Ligand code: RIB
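A lone chain, given as structure tokens: the form predicted alone.
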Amino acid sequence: MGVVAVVGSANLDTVYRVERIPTPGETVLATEVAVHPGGKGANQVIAASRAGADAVFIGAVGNDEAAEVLLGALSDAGVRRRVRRPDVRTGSALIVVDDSGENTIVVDAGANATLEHLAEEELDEARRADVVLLQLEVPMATVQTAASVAHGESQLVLLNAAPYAPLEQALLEQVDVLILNEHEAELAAGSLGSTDVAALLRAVPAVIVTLGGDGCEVVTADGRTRVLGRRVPVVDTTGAGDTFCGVLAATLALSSTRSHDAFVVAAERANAAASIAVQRAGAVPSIPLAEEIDELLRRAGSERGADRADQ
């Protein structure tokens, strides 16, 4: 079993369902409200665990009821925990989701902002992992430290550059796979004076751009491959990108190679998982199990085989 270490955030999400997301100055009435465990780090590590990895979470929550909900969700998903408990409020997010499944999110970092100066036992978890997955909801210095330690141990370092922030060269030098959505990819390529995501290969060995319902694109020095999306009924896109990242990390941790083809296979599995997640409400509640993902891939493979036989 491959080991995935996620250094990142944990938030308690309050989700309001509305017919449409309000414009500035406008008030709309919610049709329902729900509270779910979330946060990019917690979402991603749970996705990695459910996808078959031995997953460990390095993060921080407060000493409050919200923290107990998050710790319970991690335990229920089989995630090992290396979690700090500072005497501050747990991170939280306010999420508004409309009838098309689109969302807007406001995050209060809370305890996540205290995840600084990683202790030796926290860094040891990163050293022991096959893949280290990072995002940007915790202090940038912490992301840099974790990436540097893991890269020095020859681990595969994945960075999901979200929420987007300018990326220093010193950080990118420690990253093996940079994961961005279309908007983030434009910003990152633009920082290098280009409109083409391939320009990012000057900074990192591999780039994966998620394209929502249109799938994703894998770009390395050995090629540029489009993974087609699946047209499915969308209930809630919250956490779909995190599901993609966690399943990608788990699949790469279980792989014996780091080739372009290995990245494409991992992206195909991650894309399948995200297509399941968007058909469900909530971040953590929507994340599929390995059996669901692999069954979807088996069905898709059988359908393609049948199509070829009919031609």
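Not measured: the values here are computed from a predicted model. Numbers for residues come from their place in the sequence shown, where the first is 1.
The same protein has a further form, the form predicted in complex with ligand RIB, not shown here; the description that follows concerns it.
Stretch-level contact check against ligand RIB in the predicted complex with heavy atoms at 4.5 Å: of 138-146, 206-214, 89-97, 75-83, the positive one is 89-97. Proximity to ligand RIB in the predicted complex, defined as a heavy atom within 4.5 Å, holds among I46, C245, L252, A283 only for A283.
The shortest heavy atom separation between G38 and ligand RIB in the predicted complex is within 4.5 Å. When ligand RIB is considered in the predicted complex, V235 lies well away from it, no heavy atom lying within 4.5 Å. Under a 4.5 angstroms non-hydrogen atom cutoff, ligand RIB in the predicted complex lacks L118 among its neighbouring residues. Residue contact with ligand RIB in the predicted complex: A109 places no heavy atom within 4.5 Å of it. Along 1-35, residues N11, D13 each place a heavy atom within 4.5 Å of ligand RIB in the predicted complex.
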